[in-house]
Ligand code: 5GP
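In the form predicted alone, a lone chain appears below as structure tokens.
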């Protein structure tokens, strides 16, 4: 599982790792939030209305779910069950709360936290991204502080100061873990 504060580089690292390790099965999370301009339903997220998302919660279609910044996010149970049954390795791009919930259910899961070099760098990245209001950025920075303190519960923390170095480290960690369990 891969977690990071918003703007930490997790999505870009995830996408590049998947190109280097195409055997990893990527679990597309569901969300109730509105898609950003460049996002594709079913690829970036499974975009659901709030009503449908809440119905899926009641029907226990998520292995975990959380309310993050006023939007609902969850990991579809069926995808996880199907791929585990087939013996496949699964890559989750997931928030801290969700990762810790899944770790309770799957204690052998590998948790990797991607940290920014500093809060100042994180704020600069969020502003440069141009997808959030100043108020949303303030919320994301406050959340990032809490998320970074939870990193101690992860198997590995990778500081994303230089993207290529962070990617190489992530790939090494995942390959080493896969070798250790096979």
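None of these values were measured; they are calculated from a predicted model. Positions refer to the first chain, counted from 1.
Omitted here: the form predicted together with the ligand. The next part is about that form.
Exercise for review: May I ask you to choose, among 33, 54, 156, 139, the residue with a heavy atom within 4.5 Å of the ligand in the predicted complex?
Suggested key: Exactly one residue meets the criterion: 33.
Check your understanding: Looking at 43, 69, 124, 152, which has any heavy atom no more than 4.5 Å from the ligand in the predicted complex?
Key -> Result of the distance check: 69.
Check your understanding: Could you tell me if residue 94 has a non-hydrogen atom within 4.5 Å of the ligand in the predicted complex?
Key -> The answer is yes: residue 94 has a heavy atom within 4.5 Å of the ligand.
Exercise for review: For the heavy atom contacts within 4.5 Å of the ligand in the predicted complex, list the residues of 1-36 involved, in sequence order.
Suggested key: Heavy-atom contacts within 4.5 Å come from 4, 6, 10, 29, 33, 36.
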